[in-house]
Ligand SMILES: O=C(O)CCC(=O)C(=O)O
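Read the single chain below, which is given as structure tokens and is the form predicted alone.
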């Protein structure tokens, strides 16, 4: 019997049931005609000054040839008003990320839904010579314990985040298109991904790459001499992955910097390993102190090779 080769399904934006089914089956999908070229060009232009001003990375998280625009929602009016609030994104995060539970409050039963929030939005601009990332799951930041679902099939609700990535240019194997292992969202925590299992997600600028947090994927190698691969990414997580009381708005910078280091850490002004809680690639305390950094590096050195 012939072995079925993994592929990334490409489905029109209008066929929402098929998009949902592809995510259930493969953990990923390319949505065709998600956006239009005019919108892409606007976001490219709005992010370019920040990409041009970014610094190389010294660590394993990004190749040094990559430049980034963090705080995409704050820096790109178009991405904020057109993409992050797109009804299709809301439909998909409601299906795969939102969490609904029922509890008694006294003797009255109440149902609560924690809706997904945008955990991070960022533009990645990968230049010539960039090596491929290692295959990884994005939900490592949320310390998800993955159970093997290869025999049972995917259980909707077992992922806590999902990503949407819109290319600013045509993505090819040569300029480093994202590679992924369709179906790896079903794997348990003990199964390691292999490079030969991954396939490229080739996209036109109007497409959108969607994947669950449990899918193994990586940025590909850019082997071109002059092409840069631009991707605008929006990553959504469960809304309760944050503190109940928002101390960050309740206390001034001056107040927080006067606290003991132990208090600063326990109140969330340090990072959660490996990458949760940074500000413009600085720790919150570095940002609040106005520390200048010549080159950014991995927040948790243990993930470096």
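Since the structure is predicted, the reported quantities are computational estimates derived from the model, not experimental observations. Positions refer to the first chain, counted from 1.
Separately, the form predicted in complex with the ligand exists; it is not shown, and the next lines address it.
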Quiz item: Can all three of 62, 136 and 219 be found with a heavy atom no more than 4.5 Å from the ligand in the predicted bound form?
Solution: yes
Quiz item: Just one of 225-233, 142-150, 85-93, 107-115 has heavy atoms within 4.5 Å of the ligand in the predicted bound form; which?
Solution: 225-233
Quiz item: Using a 4.5 Å cut on heavy atoms, which of 212, 186, 165, 180 is close to the ligand in the predicted bound form?
Solution: 165
Quiz item: Is there a heavy atom of residue 124 no more than 4.5 Å from a heavy atom of the ligand in the predicted bound form?
Solution: yes
